[in-house]
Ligand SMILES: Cc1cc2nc3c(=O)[nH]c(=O)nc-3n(C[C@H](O)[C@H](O)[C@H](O)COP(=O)(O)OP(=O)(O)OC[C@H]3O[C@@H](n4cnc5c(N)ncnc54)[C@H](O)[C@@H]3O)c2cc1C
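Let's start with one chain on its own, the form predicted alone, as structure tokens.
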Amino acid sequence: MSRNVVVVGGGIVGCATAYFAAREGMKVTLLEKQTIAFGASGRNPGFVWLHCRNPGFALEISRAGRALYPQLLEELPGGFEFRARGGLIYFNNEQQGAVFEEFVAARRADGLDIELIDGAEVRRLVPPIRPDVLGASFCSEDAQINTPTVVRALAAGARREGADIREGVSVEGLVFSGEEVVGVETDHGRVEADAVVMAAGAWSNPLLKSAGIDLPVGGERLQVVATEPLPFQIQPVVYGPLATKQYTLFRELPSWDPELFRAPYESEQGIEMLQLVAQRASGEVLVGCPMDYPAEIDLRPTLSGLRATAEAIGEDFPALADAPVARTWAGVLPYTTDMVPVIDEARPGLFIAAGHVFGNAAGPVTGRLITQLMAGQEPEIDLTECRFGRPLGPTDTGVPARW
């Protein structure tokens, strides 16, 4: 099916959509207000995380996305940074360890390749970690990307297939003919299309509101600190015990006790830590991530966030305490209250692909799914859970979003 498609948003979902749609012979124009990979895709630590994905759609699409990366490495011009060395969540005491035993047993029942490893193995995989770490859950299916390199490769692939990628173009509204969406208005004029894909992450909601379309996609701010390049030593992607409270799969375990997974400084500073460490091929080590929920999209790091990061890393990664800091930044992670993205045709000619709280895993394959929808094909994954208009709670409460 030949279509004239406008994609709004130059992140991992938008660029994947442009790539797969152009490859299907559609005429594609992608519009990005800033630069490719400016938003969440350019500001996250690059975890392709299956470890804690909920059974059902979330795990299925994450596995499909994880399996797609080696194929994209072969296909896309210029390549990108991808490392399949697994991921772990470590624990520091026996009470936490009892929770992790239950967690690993439950995840094995879901079919994940996951195991409990001891402290010595954790220290081998992550040398800068505290010497008394007791163990970790380790999932071989986890991986790491340098997300901006993936997005730029997808954009290059889309261009090679004939897509028109326009940066610095602000979409100001949708154009309707009756009930059908037939294009967008931009600060550079109107762009007509017979299919518009809204893939602007946390920026999607305000764009759609102007057309009277409610899309409850919120934004979690995650702050990251990057060190100067260090000798390469951290193999997997790493979460700490404080990160477990974000995940339903932990909180619903019989032995779960939130007091075991909370640090005093989180309450003192009103910030929760998605405690993580990862090292890129360049040698820079990424650490973080304090999480909060500003009323408006805000990409600025805060002093309280930096303080919480310093405390979390200082306690659990003493070997990194004196590492020179190269840069700090913040990103806004889009989410819905049921933690499943919207992937659907919301109005005739208007397709939505937004709300990906796990976009590194699901983003590229979402581009393929939305292309299948535009082509009138049966999607390769059941999208029932992703329908537009399903009941979703408000995202502007400031209450922590749990995955």
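Residue indices: 1-based, along the sequence shown. In this text, all values refer to a predicted model and were calculated from it rather than measured experimentally.
There is also a form predicted in complex with the ligand; it is not shown, and the following applies to it.
Although the partner is absent from this view, residue 171 contacts the ligand in the model of the complex, with a non-hydrogen atom inside 4.5 angstroms. Residue contact check for residue 80: none of its heavy atoms lie within 4.5 Å of the ligand in the model of the complex. The ligand in the model of the complex is not approached by residue 336, whose heavy atoms all lie more than 4.5 angstroms from it. Looking at residue 240, you'd find every heavy atom of it more than 4.5 angstroms from the ligand in the model of the complex. Contact annotation for the candidate site: 194, 370 and 381 all lie away from the ligand in the model of the complex (no heavy atom within 4.5 Å).
Only one segment in the set 305-313, 175-183, 115-123, 203-211 has residues whose heavy atoms sit within 4.5 Å of the ligand in the model of the complex; it is 203-211.
None of 28, 343, 361, 52 but one reaches within 4.5 angstroms of the ligand in the model of the complex through a heavy atom, and that residue is 361.
Of the residues in 227-249, none comes within 4.5 Å of the ligand in the model of the complex through any heavy atom.
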